[in-house]
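We begin with a single chain expressed as structure tokens, specifically the form predicted alone.
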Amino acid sequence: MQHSKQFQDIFADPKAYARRWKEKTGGKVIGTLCSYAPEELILAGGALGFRIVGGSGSISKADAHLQSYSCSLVRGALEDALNEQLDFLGGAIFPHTCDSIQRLSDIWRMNAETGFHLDVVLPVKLNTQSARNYMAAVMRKARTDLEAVLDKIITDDDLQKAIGTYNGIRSAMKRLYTLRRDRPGTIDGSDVHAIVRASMVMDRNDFLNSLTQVVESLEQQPEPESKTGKRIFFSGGVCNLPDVYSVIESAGGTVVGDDLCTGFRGLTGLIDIGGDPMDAIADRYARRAICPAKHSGITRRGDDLVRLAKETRAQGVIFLFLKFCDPHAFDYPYLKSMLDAEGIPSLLLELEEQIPSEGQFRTRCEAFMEML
């Protein structure tokens, strides 16, 4: 799609984009490794949030600090930091999520030269009032810490502007996902993937303007001829492989939705406006779609997955897990059980930085499509 070229270019080399942004604006680029990083505070502080989702190549130096069974996200990110591939960063923020990222924070602080280092210790349990109060206190501390390292007072007006930008992004992304669900073929899965990834790197105000133009253009296009591909829903964590979509499509499927961490999960939930902005931001992070490292009810993730699969009229769910990602692996049995109870077939695929044995991967996808 012609409209997506800007996003495809940024996705192809996000580091180059961040370097250009830093040179042009003189602002700080702040690295994050999780969608629970307080992005609104980063934007309100005049900085650029840069989501790190893996490494740039082979891993060698990181193995001196991490076990070989750490996931490729953690190992690849540390490898880039040690090889000075992230030298444009002015700092890094580590929300406490899974054990691997928590331990990576300690190793990063002692070994990586990427500017300031902030830990944001968020609550794990999110469905109690005390957890909401604690979340708000953590966000206020993060605001104070950011003001110190950025040497900038983050005003309530700054926060309201940032909230407006992120609400606009999340609303536009919801429209994009609705188009993909209701009119398969309007936009390719790899284009959606590039747009989502660009949303984690691009200047957020520029991204909102470009995204709005793309969505409005797509909505005005005539409805494409009905696609015969099987309707597939992706579930899982970090996906850094746009060619997954081409494999699915060539196997006879079409992706109509996802709850990926590098997908719609981190783009859910608008922030209330009109009240205290810090309370509103904290409330959104407590209400948003959760990941396996958070708790908000015994079956919350399963209930959300079943609901989304039904809303998108998915004929099957494909789980995309990073190899050695324990939180997702622990959740998988009960998620599959809940899908089975609703008669929704599923397939589990474990991935790393590259698709292992693409022929085997393609064969498994083709077999799943035939089963559907």
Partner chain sequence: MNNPDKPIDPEREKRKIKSVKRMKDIMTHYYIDAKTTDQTGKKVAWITSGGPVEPLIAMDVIPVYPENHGAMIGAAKMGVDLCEKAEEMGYSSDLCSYARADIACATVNGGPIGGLPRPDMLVCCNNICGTVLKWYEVQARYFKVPLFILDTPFNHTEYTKEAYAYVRAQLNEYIAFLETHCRKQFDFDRLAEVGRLSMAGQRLWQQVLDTAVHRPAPMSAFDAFFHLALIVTLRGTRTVVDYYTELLDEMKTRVATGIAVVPGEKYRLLWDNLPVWFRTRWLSDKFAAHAACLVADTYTSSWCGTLKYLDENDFFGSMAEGYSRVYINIGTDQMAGMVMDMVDKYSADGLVIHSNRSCKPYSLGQYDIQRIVQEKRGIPSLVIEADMTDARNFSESQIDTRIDAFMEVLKS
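Residue numbers count along the first chain shown, from 1. As the structure is a prediction and not an experimental result, all values here were calculated from the model.
What comes next is about the form predicted in complex with the partner chain, which is not displayed.
Within 4.5 Å of the partner chain in the model of the complex, a heavy atom is found for all three of 69, 121 and 134.
Of the residues given (125, 174, 161, 152), 125 alone sits with a heavy atom within 4.5 Å of the partner chain in the model of the complex.
Note on the partner interface in the model of the complex: the residue among 293, 196, 214, 179 having a heavy atom within 4.5 angstroms of the partner chain is 293. Only one listed stretch (251 to 259, 197 to 205, 183 to 191, 92 to 100) carries heavy atoms within 4.5 Å of the partner chain in the model of the complex, and that stretch is 92 to 100. Remark: residue 240 does not count among the residues lining the partner chain in the model of the complex, judged by a heavy atom distance of 4.5 Å or less. Residue contact with the partner chain in the model of the complex: residue 350 places a heavy atom within 4.5 Å of it.
Of the heavy atoms in residue 169, none are within 4.5 Å of the partner chain in the model of the complex.
Using a 4.5 angstroms threshold between heavy atoms, residue 331 counts as touching the partner chain in the model of the complex. In this stretch, 180 to 217, not one residue has a heavy atom within 4.5 Å of the partner chain in the model of the complex; the partner itself is omitted from this view.
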